[in-house]
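Considered here are two forms of the same protein chain, supplied as structure tokens in two stand-alone entries, structure 1 and structure 2.
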Structure 1
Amino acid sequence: MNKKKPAAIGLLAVGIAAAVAALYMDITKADNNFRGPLLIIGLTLLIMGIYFFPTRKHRKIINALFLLPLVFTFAVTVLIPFASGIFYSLTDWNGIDYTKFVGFSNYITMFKSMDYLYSLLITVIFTVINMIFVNIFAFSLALLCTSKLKLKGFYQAAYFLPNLIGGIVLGYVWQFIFNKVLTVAIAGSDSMLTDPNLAFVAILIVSTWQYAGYIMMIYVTGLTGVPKDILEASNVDGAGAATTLFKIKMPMIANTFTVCIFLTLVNSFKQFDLNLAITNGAPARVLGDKIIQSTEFLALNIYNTAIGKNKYALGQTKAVVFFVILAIISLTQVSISKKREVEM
């Protein structure tokens, strides 16, 4: 037992030394092909040292070691990028380098710029309307597909299909429909995409059409999960179709509603591909003495800020705020819906 401690400390020391040496070589860009393996060996020794370290918290250490893979992956793919994102939003980063910290000035610029506020506004409007539309359509379709209809399997597949086509392709196809097909079908009319309000409706139509089928699938699963005996019992008690729907089925699948509303809410808010392919911000809207892009949703606005205007730091700032808004909305929504579920 006495020998163990020095051995463990020895392992730790060698491990740390090796790892630090390797990292030092990496930072100073030393030409040494051995520094990769050295790092791995060092870290391996380090972990072994921790494992062999005689302490009463041995079990906890083992638990932590087994969690390491997950924590490590999570850190590399989520935590570190997120933290560096917040960091970059406080600098004048241009995608290559940053020269100085600018504090919160990016945030101030952002909230002062009209295009951002306008994007925020129409994104919120779009999210609300789209969420309602998608859920109403999806639920109606789900009712249709769980009724005693013939060929309902076929309908189900047909409604789901649009969701399998990529958003960009779908967007261009619909752009063609709005620009070429509809203008011929209603002879002499201008394309819907040339009017700010109609272009907004156009995106709404495509978005609903694309997403309703997917949400329908979840509702179908929920509806088929309603126990048959309850339905039969209500039938015996003389409940009609409407009563069954509103008093039995809908309360029974309240958790499905939570999931579906959450999904549509988040997805509508993040709308990007259809927006890019169908309008890319056009058409123009005359607002007083300013003229702005009328259908540039938040995600597209962020993309255009970073890539189009080459303002990476400002784009990153908008992305951080985008995340915060999204987190607040979805957490609030889930907590409200959850409460209602319990009450039911």
Structure 2
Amino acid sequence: MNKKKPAAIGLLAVGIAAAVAALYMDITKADNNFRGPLLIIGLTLLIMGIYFFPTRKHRKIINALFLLPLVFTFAVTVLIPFASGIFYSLTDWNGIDYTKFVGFSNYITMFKSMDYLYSLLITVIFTVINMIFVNIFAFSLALLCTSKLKLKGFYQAAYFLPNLIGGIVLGYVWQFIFNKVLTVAIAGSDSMLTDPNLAFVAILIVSTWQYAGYIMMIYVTGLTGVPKDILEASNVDGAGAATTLFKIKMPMIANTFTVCIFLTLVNSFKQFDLNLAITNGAPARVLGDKIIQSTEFLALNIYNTAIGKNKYALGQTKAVVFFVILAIISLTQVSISKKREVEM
């Protein structure tokens, strides 16, 4: 075992030196195409050195090495972009490069912006209402599809079908219905999309219609998993349909409610494609002395700030706050739901 130690230390030293040299060349923007292969060689030697290093905790090192690909992927796709996002939010980044640090001025500008605060408010309202509507409709449809109704498979497929259509396509189809079909069907009426409040309702209707089928399938899985012997025992004891539903089925699928509420909450808060396709933030609303987009949700507001107005640093700042808010709300909801599961 001791004979392996010098070789392992040599691999570690060479690996660290090669990796540091490659990173140095990259940071200094050295004109050397070998820095990429050099970094890979360095990291490979580093891993080999850790693997061959003699220690009593060799088993734990092996376990950590097997987890390395997953940790590396998570770091590359989540942690590094998030850290980069925070960094760029503190600069005057223009989408390509930055010239100076501006501190928290982007955050101050963001919270003083009336359109951002309005977008945050209507996004929260939309999230709450949409989450309630989707879960009520989805659970009702799941009860229908798990009853003794004929053609249950057909109804499940029909309700799930809207979820297979992309949000952009679905949004433009419904935009046509709101603007052309309903205005002809109801003679003399104006399009719902021309009124700020009704345009909000229109997005709510389409979102509920699209997502309820998907959530329904999860509820169907939960309801069909309730043991039949328990349902038969409750029937023998004289429990009615309402008692069976509220006292047996719903408590036994509490974890299903947690999953469905979490999914609808996150999906509603991130609503973008339907918002873009149906209204693109319109119509305008006068708020104080400001003219703002009445149905511009937070994700669309971030997109318009970065892409439409070419303010990438400010858009990135909004994205960072968006992520933090979404993480806090999601974790809080899951924590409360888990405690509720234990109580039930």
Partner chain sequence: MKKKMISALLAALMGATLLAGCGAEGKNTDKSDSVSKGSADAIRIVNGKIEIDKALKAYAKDYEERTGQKVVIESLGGGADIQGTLKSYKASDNMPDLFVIGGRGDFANWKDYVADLGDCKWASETNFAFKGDDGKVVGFPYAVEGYGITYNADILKKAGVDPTSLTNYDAFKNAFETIDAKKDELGLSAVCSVAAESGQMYWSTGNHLFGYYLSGGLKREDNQYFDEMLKGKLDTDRAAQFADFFKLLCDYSDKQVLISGTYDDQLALFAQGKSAFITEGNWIDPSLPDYDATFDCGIAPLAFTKEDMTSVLADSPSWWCAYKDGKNLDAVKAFLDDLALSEEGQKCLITDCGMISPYNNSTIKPEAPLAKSLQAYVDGGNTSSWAWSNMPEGIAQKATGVVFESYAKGDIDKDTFVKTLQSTIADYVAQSQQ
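The term rigid core refers to the maximal set of C-alpha atoms that superpose within 1.5 Å between the two forms. Please note that residue numbering is based on structure 1, beginning with 1 at the start of its sequence. Please read these numbers as outputs of a predicted model, since none were measured by experiment.
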Between structures 1 and 2, the form predicted in complex with the partner chain corresponds to structure 1
Of 75, 227, 99, 204, which one sits right at the hinge of the rigid motion between structures 1 and 2?
75
Quick check on the domain motion between structures 1 and 2: what's the rotation angle of the smaller rigid part, to the nearest degree?
10
I need the CA movement of residue 47 between structures 1 and 2 once the rigid core is aligned, reported in Å.
3.2
Just grab the Cα shift of residue 38 between structures 1 and 2 for me, core aligned, in angstrom.
4.1
